[in-house]
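In structure tokens, one chain follows: the form predicted on its own.
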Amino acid sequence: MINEYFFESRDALLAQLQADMLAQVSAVIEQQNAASVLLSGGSTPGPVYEALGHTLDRRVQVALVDDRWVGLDHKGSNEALLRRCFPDHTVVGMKVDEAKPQDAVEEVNNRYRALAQPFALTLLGMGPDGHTASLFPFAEGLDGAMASDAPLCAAITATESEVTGPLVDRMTLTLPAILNTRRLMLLITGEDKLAVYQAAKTANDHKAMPVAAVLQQFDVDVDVYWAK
């Protein structure tokens, strides 16, 4: 089921998203004394992460939904963003020393298998091309990453585009890993992405629009947060 939460302003969206994320993780921590949150990069959720970095229980593990295959000193590093926002938490990254993500799949999966599961929450974004996480349309590695028996993490090499830029090598949660969560949230903003989202709800070709596979599954509800 898809639950839609549409807001008149981005400030209202981010305030509600922050409150909902904190409530979800706090409930899981109270139940089982451990929780992991899987977070996407990008500038839009940045203020939420900064606020949660001061309020989230220190027992919470913070991990990445996906990342570009770059070092922490690169502006495109999602791990660097999370480390800035959550300085007092354990942040589990995806980038390791291997030159290509395809050479690091086993090591990264070992890291992720150690996280508390199912994840307390997973926050996704979506691109204007219909990608989510680093599940890019027709990318090298996409079939394996969307397979029902996929491990938690997979290497992806996307086709370079205006959306990817030159950084096409990625590590990402697979589709089964995205669904391995107690609460799944999708954050989108702008009329253009709203149109992509609406189309994805009924899209037939999931390889062309991978976010459709998330929206059309029945394993876990998807809470969609949108504002102009």
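Here the structure is a predicted model, which is why all the values come from computation and not from measurement. Just count from 1 along the sequence shown to find any residue number.
This next part talks about the form predicted in complex with a small molecule, which is not shown.
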{"item": "One stretch from 173-181, 23-31, 55-63, 37-45 that, in the predicted complex, holds residues within 4.5 Å of the small molecule by heavy atom", "value": "37-45"}
{"item": "Three-residue site Lys95, Arg111 and Thr157 fully in contact with the small molecule in the predicted complex at 4.5 Å by heavy atom", "value": "no"}
{"item": "The small molecule: the contacting residue among Pro151, Gly127, Pro137, Pro118 in the predicted complex [heavy atom, 4.5 Å]", "value": "Gly127"}
{"item": "Partner proximity in the predicted complex: Thr132 to the small molecule, non-hydrogen atom cutoff 4.5 Å", "value": "yes"}
{"item": "Distance check, Thr122 to the small molecule in the predicted complex, heavy atom within 4.5 Å", "value": "no"}
